[in-house]
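Read the single chain below, which is given as structure tokens and is the form predicted alone.
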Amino acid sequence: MENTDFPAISEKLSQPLQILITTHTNPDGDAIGSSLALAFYLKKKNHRVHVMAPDPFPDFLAWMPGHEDILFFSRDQEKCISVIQQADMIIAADYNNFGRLNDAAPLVRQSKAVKVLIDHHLNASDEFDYKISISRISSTSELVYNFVEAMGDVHLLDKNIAECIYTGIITDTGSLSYACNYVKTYLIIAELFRLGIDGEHLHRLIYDTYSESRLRLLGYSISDQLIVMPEFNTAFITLSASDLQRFNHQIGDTEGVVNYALSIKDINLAALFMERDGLVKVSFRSKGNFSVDTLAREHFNGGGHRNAAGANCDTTLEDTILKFRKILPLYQSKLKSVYS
């Protein structure tokens, strides 16, 4: 179901407000890009704006304009609690359930502020007053562009906003390799280039900043930890806490690793199981019409998109992988015909 409460949100924004933009734990390029783009825009509309994430983002996003002003609940709870309590409006960007805020979730839920969702994931929660929720859109950053457009404010877009939106679109589509069959996505990108962004330069900033240890972790993941199950058109990678420690794992180092498993010929389902912070973090990817959102939701209490989803499991790494192996026969026929 799509929700586009543009008129109602526009009315709420007709006078200056204290606005808190929040995004999900382990924020990625789209989470940070959409949040910062929205913040730049709302400040131009004379609103007082803060951006808050539960925890820090990867270093490869530390060049983004405005990143230095993002508040992290895990590092500065006192400041974050203050801005939550003072907010007239709280916007959820790139997630659809306040539970994704971890320890900040109860405070946000208790807030009397107007709660607005801007997101492109499936199955949005009912805990928002207003929603802009369209799952067929490439990214929340693209939705932010649509939001600005619906507000009649395209003339307020500038290079900073354009760089943030472009980063969100590019990172959430794997450089336009998936979730990118919507014509308007490319029309928006064209407009971003007209605003002066440098696509080659942004690509280098996002993708050409690997540390040596990150590259070695990638090599280890593929050469030592990749399991291929051709009978189920499936491949997966496992990384234990000791593996991550061995390669001096930093936030963002495993970004995109699961895609290497999916790149194998005839592999239609890929997964990355990673032991971190006392949980097993799972990333699923798929091809064609096989829904990893359904897989994650039905078996791992997770969710996301049809071809990209995730989950956090409180079982052991071994038990989580065993569960995954046991459910594969249920999907064997579907995994053989993902394009039919």
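One rule holds for the numbers: they count along the sequence shown, beginning at 1. Predicted model only: the values in this text are computed from it and were never measured.
Not pictured, yet referred to below: the form predicted in complex with a small molecule.
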With the partner removed from view, which of 38-46, 51-59, 64-72, 309-317 is the stretch that lies within 4.5 Å of the small molecule in the model of the complex, judged by heavy atom distances? 309-317
Can you check whether residue 287 is within 4.5 Å of the small molecule in the model of the complex, heavy atom basis? no
With heavy atoms only and a cut-off of 4.5 Å, decide whether residue 115 touches the small molecule in the model of the complex. no
State yes or no: in the model of the complex, is some non-hydrogen atom of residue 249 no more than 4.5 angstroms from a non-hydrogen atom of the small molecule? no
Find out whether any non-hydrogen atom of residue 214 is located within 4.5 angstroms of the small molecule in the model of the complex, and reply yes or no. no
